[in-house]
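To begin, one chain is listed below as structure tokens, in the form predicted on its own.
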């Protein structure tokens, strides 16, 4: 059932639907609207859940190679590989286009924040110098998403260059 709901939301967002509501989603997913009202307080909460599912790999363990540089490089490559897949890129662009109001927090950013924090904690425990989690988000994650949102090229070496740039900030 959850897959049908998420798929329905993805299709509606991808088609640029003007009005995404619980009844519209429910009809597309083949479920009763009550199912949606019971699980989510509003459509925005459902959109956030779908965004996390579509734009992060829930439960995915972050790399643990013993080196922060390699962990961040592997992680950035995983993110880049995932969000550049055509269906993910379309969904990401549609989600951004559907946003009208500024938000105080973003579930996708929260998930990436926790992943980056986990890697920097481990690196600190090993005695490595680490950038801040915010530096990682601003200088590795954000540029990857930016390139995808604006359909700019993202070559295979781009994630590694971003990692090297952010690590240079710690020296």
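Residue numbers count along the first chain shown, from 1. If you superpose the two forms and keep the largest set of C-alpha atoms that fall within 1.5 Å, you have the rigid core. Keep in mind that what you see is a predicted model, and the values were worked out from it rather than measured.
Only in words, not in the display: the form predicted in complex with a further copy of the same chain, which the text now covers.
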**Item:** Contact check for 24, 31 and 82 against a further copy of the same chain in the model of the complex, heavy atom at 4.5 Å
**Value:** no
**Interface segment, criterion being heavy atoms within 4.5 Å of a further copy of the same chain in the model of the complex, picked from 32 to 40, 65 to 73, 114 to 122, 127 to 135** = 127 to 135
**Message:** At 4.5 Å between heavy atoms, is residue 162 in contact with a further copy of the same chain in the model of the complex?
**Reply:** yes
**Message:** Quick check on residue 141: any heavy atom within 4.5 Å of a further copy of the same chain in the model of the complex?
**Reply:** yes
**Message:** Check residue 88 for me: does it contact a further copy of the same chain in the model of the complex (non-hydrogen atoms, 4.5 angstroms)?
**Reply:** no
**Prompt:** Is there a non-hydrogen atom of residue 78 within 4.5 angstroms of a non-hydrogen atom of a further copy of the same chain in the model of the complex?
**Reply:** no
**Asked** Can a Cα shift of no less than 2 Å be assigned to residue 149 between this form and the one not shown, given superposition on the rigid core?
**Response** no
**Message:** A 3 angstroms or greater change in CA distance between residue 90 and residue 47 is reported in the model of the complex. Closer or farther than in this form?
**Reply:** closer
**Message:** Relative to what's shown here, the Cα pair residue 43 and residue 114 differs by 3 Å or more in the model of the complex. Does it come closer or drift farther?
**Reply:** farther
